[in-house]
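Quick heads-up: it's one chain on its own, the form predicted alone, in structure tokens.
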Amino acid sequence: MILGAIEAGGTKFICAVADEQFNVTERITIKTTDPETTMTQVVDFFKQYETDLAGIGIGSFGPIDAKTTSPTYGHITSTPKLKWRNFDFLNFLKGYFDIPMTFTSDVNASAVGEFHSVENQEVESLVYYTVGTGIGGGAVQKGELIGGQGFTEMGHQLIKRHSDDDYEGTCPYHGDCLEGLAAGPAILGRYEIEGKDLAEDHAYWEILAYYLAQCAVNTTQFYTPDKIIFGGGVMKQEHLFPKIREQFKALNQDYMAVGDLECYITGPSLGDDAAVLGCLEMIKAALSDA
């Protein structure tokens, strides 16, 4: 039996196949362009394995409709990527493959992957944020995604503006929400260079840490998780984590007990593989339930 996974990101798609123990035997990366071009390559990849392909787990950029009783279940909905707006992702694939599929957000998939990782075996609940082209969050408690079948938008939470920051924000809906001020395009919009090209001592990293620390405080108060994980391209800056923890401590004022901050606010244990492994976990669970 072969399991399939699709991590559908705003910049790239990762398609993979694996055995029942989640040993990935092949994966490819496809640039996210328009649905016809991108999805044709996705279909071509899985067609090679059609005979033994048991199911596909999908984690997609959003917003998406992940409520199974909804008439638009399986759609990408009000995304700023206009060519993908209202795209019927799930039914497009079902037109080619008559097999079970699961559909959730890419960050939910990452949260599931991290929850089941070896490093987090003692963790009963966690919240995973990806900070990259956008910001999204997924929460898992005792193996179940919090939010039921819906799609949460933790990346669009409202936060206090840093006193040294007058940037208007990039979010087309909210302007200066968390995503509007802290995602990759906000760095590019401010300085006309990407985050990876900013020096470690650049003043913006303290501003960004302030925003992500607020996110962590809000998350602690909403969910009281055992762990908060920040992944995604922006978080490749390892020097950010001590700054976030320091600002979290200042903002939290010991109000919520969280234990060792180095264990509580961390990067992903699975690196860039979390979403793919989460998709595999979800489709295997669905097949077992069936």
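Everything quoted here is computed from the prediction, not taken from an experiment. Note that residue numbering begins at 1 and tracks the sequence as displayed.
FYI, the form predicted together with a further copy of the same chain isn't displayed, but the following is about it.
Residues placing heavy atoms within 4.5 Å of a further copy of the same chain in the predicted bound form fall in a single listed stretch, namely 222 to 230, out of 36 to 44, 222 to 230, 50 to 58, 237 to 245. Only one of His116, Arg190, His174, Lys81 lies close to a further copy of the same chain in the predicted bound form, with a heavy atom inside 4.5 Å, and it is His174. Listed residues Val217, Ile76, Ala182, Leu90 were compared with a further copy of the same chain in the predicted bound form; Val217 is the one with a heavy atom within 4.5 Å. a further copy of the same chain in the predicted bound form comes within 4.5 Å of a heavy atom belonging to Asn252.
For the chain shown alone, Gly147 is a contact residue for a further copy of the same chain in the predicted bound form, at least one non-hydrogen atom being within 4.5 angstroms. At a distance threshold of 4.5 angstroms between non-hydrogen atoms, Ile159 is in contact with a further copy of the same chain in the predicted bound form. At least one heavy atom of Glu153 is located within 4.5 Å of a further copy of the same chain in the predicted bound form. Annotated contacts: Tyr128, Lys196 and Ile207 are all free of a further copy of the same chain in the predicted bound form [non-hydrogen atom within 4.5 angstroms].
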